[in-house]
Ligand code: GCU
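Before any questions on binding or motion, here is one chain by itself as structure tokens, the form predicted on its own.
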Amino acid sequence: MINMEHGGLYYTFLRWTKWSKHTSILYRYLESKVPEYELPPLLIKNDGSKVKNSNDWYEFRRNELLNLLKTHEYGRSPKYSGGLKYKVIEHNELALNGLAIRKQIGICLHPDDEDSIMNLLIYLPVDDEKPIPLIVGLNFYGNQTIHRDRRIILPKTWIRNKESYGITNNRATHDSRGVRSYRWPVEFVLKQGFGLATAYYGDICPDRNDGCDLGVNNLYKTEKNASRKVDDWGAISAWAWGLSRAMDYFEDDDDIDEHNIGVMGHSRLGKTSLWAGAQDERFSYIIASASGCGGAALSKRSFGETVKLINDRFPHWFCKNFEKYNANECNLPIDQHMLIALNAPRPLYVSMADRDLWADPKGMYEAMVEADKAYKLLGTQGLPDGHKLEVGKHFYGQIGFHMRPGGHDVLKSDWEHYLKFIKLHMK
């Protein structure tokens, strides 16, 4: 049970007592246990001077913030100079019983390795005037899981086993078709006039502890078999890099409106969408669902999933430097309000759920409040007047958000807000 009165989040612990693995950290769901903290300033440059205007932001502070986040959290991706090839595997004008155009594109991830392919699945509405606005996001278990469409190509790469999804021996099967369709309401999105594109994140970097030695990170190593440097890119940076390669393709597809592309992700892929948007300003709209620690939630609150917990469980997600702040968030020279601000002034939407305390809804809200300063500096509305964190309420400023009842998931009702928000800000 959550009570939002007096600005606090409180939780009844009875339902967590059986979660023995984490019983020692149950206190992290009590607001009274949140430590005192001071956020690093958003609008003070490294030399101590104030960011006074948009010129200061674009010429100085934005680059400083990017460098800080690359150094201390996400790592440095290799510079991309273009030249990657892609192949149109399929182009079907009468997919989904005539509702959609379906395209399946193989994007080569390295110029010298034609076997490393990210398969991009695209649905576009048939009858709408071209070019079409589009939302792109990565998925967890393969493109075939978003719809029962039997023409979707099954991934050949490693996938985490989940027998209830029909995924065994770390390979996708036909039984896994459509098992995550509730998260991807394809027909609904198409009928709203948007295209939808997705790729399996494991095509880019396997989500396992040794993933950075197996995926695209390994392809771009300057020294083969070398260990990761302390600021080398982790999996989240790799997945964000893959989203930018999808964006490269969209720019070449005349059916797609390259100036109205939204990037969306849930949970760890919500962290990814925020980081992709921060680095690649071609994404017009950024949507993050339940992104939590390493995403939209403030690290210094040490609430729900903490820096130590996330690094211990997923050491491949971030750069090794981030491990220095395990149970040491007070010394972080960054925090997630900076990540949100790097997406300014573009429209950004954060969705959360009241029972998903692991992702720290209040920490996400407070990060948005801090990032609002950058949005307003750049001449946008930022958060709308009267905003507050309340179950069942939604707010559509330049920064938008809602907190629905429920747990850690993304639902059709969330998508309804995403599309309304984008339509409000459409170019």
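The numbering used is simple: start at 1 and walk along the sequence shown. None of these values were measured; they are calculated from a predicted model.
Quick note: we don't show the form predicted in complex with the named molecule, though the next part is all about it.
- Contact with the named molecule, judged by heavy atoms within 4.5 Å in the model of the complex, is confined among 116 to 124, 87 to 95, 314 to 322, 103 to 111 to 314 to 322.
- The listed set Ile310, Val189, Ile132, Ala353 contains one residue whose heavy atoms approach the named molecule in the model of the complex to within 4.5 Å, identified as Ile310.
- Contact with the named molecule in the model of the complex, judged by any heavy atom within 4.5 Å, is made by just one of Arg245, His72, Arg177, Arg268: Arg268.
- Among heavy atoms of Phe395, none comes within 4.5 Å of the named molecule in the model of the complex.
- In the model of the complex, no heavy atom of Trp57 sits within 4.5 Å of the named molecule.
- Although the partner is absent here, Asp253 lies well away from the named molecule in the model of the complex, with no heavy atom inside 4.5 Å.
- In the model of the complex, none of the heavy atoms of Tyr365 sits within 4.5 Å of a heavy atom of the named molecule.
- Of the residues in 393 to 427, only His408 comes within 4.5 Å of the named molecule in the model of the complex through at least one heavy atom.
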